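A single chain, nothing else alongside it, follows as structure tokens in the form predicted on its own.
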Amino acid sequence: MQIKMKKVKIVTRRRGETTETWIDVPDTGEEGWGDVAGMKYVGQRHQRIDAVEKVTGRAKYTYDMKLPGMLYGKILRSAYPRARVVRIDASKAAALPGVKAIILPDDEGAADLLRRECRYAGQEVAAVAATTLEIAEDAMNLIEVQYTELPFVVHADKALESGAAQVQDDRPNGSEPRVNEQGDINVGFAESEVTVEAGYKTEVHTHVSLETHGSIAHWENGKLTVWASTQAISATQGGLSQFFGIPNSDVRVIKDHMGGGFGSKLGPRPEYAVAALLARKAGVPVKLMLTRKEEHITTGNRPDSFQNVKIGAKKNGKLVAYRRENFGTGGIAGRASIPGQPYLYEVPNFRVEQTDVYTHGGPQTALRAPGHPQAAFAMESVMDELAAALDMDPMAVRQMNDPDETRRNMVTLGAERFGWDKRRATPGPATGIQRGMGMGAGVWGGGGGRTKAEGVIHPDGSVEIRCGTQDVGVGTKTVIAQIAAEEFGLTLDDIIVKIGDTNYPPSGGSGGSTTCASVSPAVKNTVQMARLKLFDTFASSTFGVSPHDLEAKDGKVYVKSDPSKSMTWQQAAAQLGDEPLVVQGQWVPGLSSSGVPAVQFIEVEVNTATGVVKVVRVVAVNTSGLIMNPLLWESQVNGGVLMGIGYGLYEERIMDPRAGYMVNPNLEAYRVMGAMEIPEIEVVAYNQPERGVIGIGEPPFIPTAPAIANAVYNACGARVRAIPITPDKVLAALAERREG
């Protein structure tokens, strides 16, 4: 074999342990992605390869699927936030015609899924499977449960009060504070010439995926196949394997299309295991999809935050000291942490103290950029308040204290595109309809790793790329096709992409903005090796050169130094004879990186008579290294901005403190962005292709809410320190301003 190889070191950090592995990769003589500017597919705008399939309705989601003989599952959930099940009788449900399986807490395998000790309203108690969804619902309602109701608390601030109901048996409601400090804040505040102190609050943010959570489970010869609406097929496979005590190879997880996840579908969900238990008992497939109400109360949420912040600076705007005490609730489990240092800005003296609070609410889970939106809201708000106290431009204060050169450049670029120089120097009047401008920033990681891929070149010239990743709606399949088409000199239509199946080489979950940075290098490595191994079959014998001297472009393979020596791609593939060429590759360093800032400038319109805030215009400046497909990338930025507007203006879980239940678990009372609220959004790319691929899912969401709050203040002088910024809060802030 004439293929030149080189060794690269892969460093893996997982669960506190670091491992180093050396692997062989083809030495192509190029660094990173090569000259992207001259590429036909990578870095270029291309329509999604599954676009027609989706807009015509041919794309099948888990929600759409129906298997022969399939039953429908439902879960009976606790109506009480804290209760003990003392008696449960499912005899009436079992007698209902069409009911095929019932699972109760004491049944084999159910103890870890169905609870006799319920700690939040919505916790799983029993499950049923029937021939129709309607019969399953009727059967669920026929299960008789006798509860002993127990004391509860559902709000974080109340949970910290003396005498509050205890959530966990073995620990207090408030965790031991976690402290991170640098320098001496007492000295820092003594040296400060201007200080600002304020409290900021963000509400619990629940998941509203368009396609609710759920799966179809089917057992055959002791092996389990699950079609799941999941962001992590490999993690789901592993979780179900462990739960049922069977090998990973006996569990297959499939996900073709999915209607949103945003972090809530990253691991093996309880409803997947419940569906599998019902299917095993019934002996036929069971489909169990959650309702919108269940989606709100059981699938996890972003914790709220209460942040008391004090910041000090010199008169020239240079920060000197920062103190923050924050707490929030992740419900019955999970942390409510936010970044444990002054967010974004350099402060020589700081102290951050964080406390997690347990409440009888649904559990915390990942939700787009965990922790960062809360941190950004408080920090970017207090920076604006500090700028007002200093009588300085808020942008100038940020720029002099921001250690990130890239973000400073992005701020300058965004300000010019937005027209920041036209911003009011002081807030507008508190009457009439007023417009104002605000800005915000954020930062995110988005690195990659832990992905393998497989490339197959068939003798007829067809190409398959297989990878056990999943496309959660962002265009992963398209990016894979772009990379393969570029390396093989083919078109996107020539590439068959197979993902979303644990039968393919494994990949990580699609979360943390890590998918593109994980999958792209793995596919690049795989197709490079496949191309060179194909060339190696004929390069010397046909052209008298090494595989590295050949190029594939526009459907042909030719000698780089003499393009007249060529053959078609099909002729090249035919050299394989009767056997396809199968090559496996993996993620390699040098093609991706992590760590990206985000900047937003927002203009709002405030009706001071009604308190209604409308976002009019957004300029979103983002970077993610090498942008694989600007069309898909811009779509991700747009989506992040729109979710950020929803978080800043509308979305809020409302809990009844007397009943302990979420009172707005629907799309009528829990408001999300609608078509009429979508503003003009200008997406600006700050290109850094030399950094390789970095994710873009989370960063655009982080700065939106604080930018809105700052724009509201600029419009009418109403400083709203809690989100969502609803009309009542705006009117209250305006009343405070009028009263001086």
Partner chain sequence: MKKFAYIDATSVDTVPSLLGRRFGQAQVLAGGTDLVGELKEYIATPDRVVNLKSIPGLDYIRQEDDGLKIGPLTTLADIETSTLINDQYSVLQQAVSAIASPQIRNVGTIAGNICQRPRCWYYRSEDFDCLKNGGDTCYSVRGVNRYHAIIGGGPCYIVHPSDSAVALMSLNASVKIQGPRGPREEMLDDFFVLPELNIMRENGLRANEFVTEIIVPASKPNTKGIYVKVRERDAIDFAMASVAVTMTMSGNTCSEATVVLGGVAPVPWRVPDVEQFLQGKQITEDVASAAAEMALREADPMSDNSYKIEMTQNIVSQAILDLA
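Since this is a predicted model, take the numbers as computed values, not measurements. Residue numbers count along the first chain shown, from 1.
The same protein also exists as the form predicted in complex with the partner chain; that form is not shown, yet it is the one meant from here on.
- Although the partner is absent from this view, residue 731 contacts the partner chain in the predicted bound form, with a non-hydrogen atom inside 4.5 angstroms.
- The partner chain is not shown here, but in the predicted bound form it comes within 4.5 Å of a heavy atom of residue 672.
- Residue contact check for residue 422: none of its heavy atoms lie within 4.5 Å of the partner chain in the predicted bound form.
- In the predicted bound form, the partner chain sits beyond 4.5 Å of every heavy atom of residue 454.
- Checked against the partner chain in the predicted bound form, the candidates 631, 654, 187, 95 yield a single residue with a heavy atom inside 4.5 Å, and that residue is 654.
- The partner is absent here; in the predicted bound form, the one residue of 250, 605, 138, 501 having a heavy atom within 4.5 Å of the partner chain is 138.
- Remark: of stretches 138-146, 334-342, 219-227, 321-329, the one touching the partner chain in the predicted bound form is 138-146 (heavy atom within 4.5 Å).
- Along 714-740, residues 726, 727, 728, 731, 738 each place a heavy atom within 4.5 Å of the partner chain in the predicted bound form.
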